[in-house]
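Only one chain is shown below, in structure tokens, and it's the form predicted alone.
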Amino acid sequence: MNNKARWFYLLPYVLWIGLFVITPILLVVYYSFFDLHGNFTLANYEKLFTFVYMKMIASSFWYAFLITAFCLIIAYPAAYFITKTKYKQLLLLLVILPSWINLLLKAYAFLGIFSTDGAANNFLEAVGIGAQQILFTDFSFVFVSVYIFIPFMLLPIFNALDKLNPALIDASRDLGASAWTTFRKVVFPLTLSGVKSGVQAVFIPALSLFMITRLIAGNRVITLGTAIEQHFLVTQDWGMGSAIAVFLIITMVVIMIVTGTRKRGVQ
């Protein structure tokens, strides 16, 4: 294929990335250097490192870590179980199906489930515990977030486990390794790429959640996503909102670099 043909096929992708990825990022960076009155300033970045915003950043990372950790704890055993069954495709379909439903609809469904007269409290009353305040709590926020992100953690781990050569596991067991040692020394290291992909797919979007914090947590949980929404839609301070967005973009890039898979050359 000559250079002209290559550029012909490449042009749509270059235009798409330039218009809908690079240009928006450049606009966000540009607006981050202006205050509420349109004056050039570095105050937005100075304010970003004050106690209030650093507390918000720490809170965002903490909740993103919790969501990612719970997703990993649930998804890894589930993915391992699916690889061992005869009904892989059916079970994967059941895992993927909830992700086809609109996020807003799922959030409203949990509003009903966790409400005072919802299914969760009806169950607690039936077992003698009594109705509890479930909605608008940290628990409900983390629970719903984990439910939403589980497929994004499970699928890459499943792919890594499914490609794992069973002969390696058999060899480890034949050499006298226990099941735990085999998992720790063979299975997990060889599926680490799937874990990293799952962490990227969950941790990065979990940092910028805002709709679930509004509906499920009732603004009890403040994240970078809710702060950006607040500055753009309520206070109209686009500069501060853009500065937070720039910090979030840089953080996401760093996470992708740290959790990225490095290919080793052939020795």
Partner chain sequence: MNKLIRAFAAVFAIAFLLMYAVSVLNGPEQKAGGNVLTIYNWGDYIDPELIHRFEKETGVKVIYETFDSNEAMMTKIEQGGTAYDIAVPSEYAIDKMKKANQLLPLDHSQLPNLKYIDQRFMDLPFDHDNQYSIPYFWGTVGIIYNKDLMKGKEIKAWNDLWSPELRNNILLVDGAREVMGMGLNSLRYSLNDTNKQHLIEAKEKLDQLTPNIKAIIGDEIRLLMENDEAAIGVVWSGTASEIMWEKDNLEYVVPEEGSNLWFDNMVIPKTAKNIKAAHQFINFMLDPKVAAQNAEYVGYSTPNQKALEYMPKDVVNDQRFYPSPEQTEHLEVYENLGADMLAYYNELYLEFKMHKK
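Since we're looking at a predicted model, the values are computed, not measured. Numbering follows the first chain given and starts at 1.
Below: the form predicted together with the partner chain, not depicted.
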query	finding
Touches the partner chain in the model of the complex: F143 (any heavy atom, 4.5 Å)	no
Contact label in the model of the complex: F61 to the partner chain, heavy atom within 4.5 Å	no
Q230, heavy atom within 4.5 angstroms of the partner chain in the model of the complex	yes
L111 within 4.5 Å of the partner chain in the model of the complex, heavy atoms	yes
Triplet K55, Q133 and V234 all within 4.5 Å of the partner chain in the model of the complex via a heavy atom	yes
Residues within 4.5 Å of the partner chain in the model of the complex, restricted to 193 to 229 and counted by heavy atom	R214, L215, G218, N219, R220, I222, A227
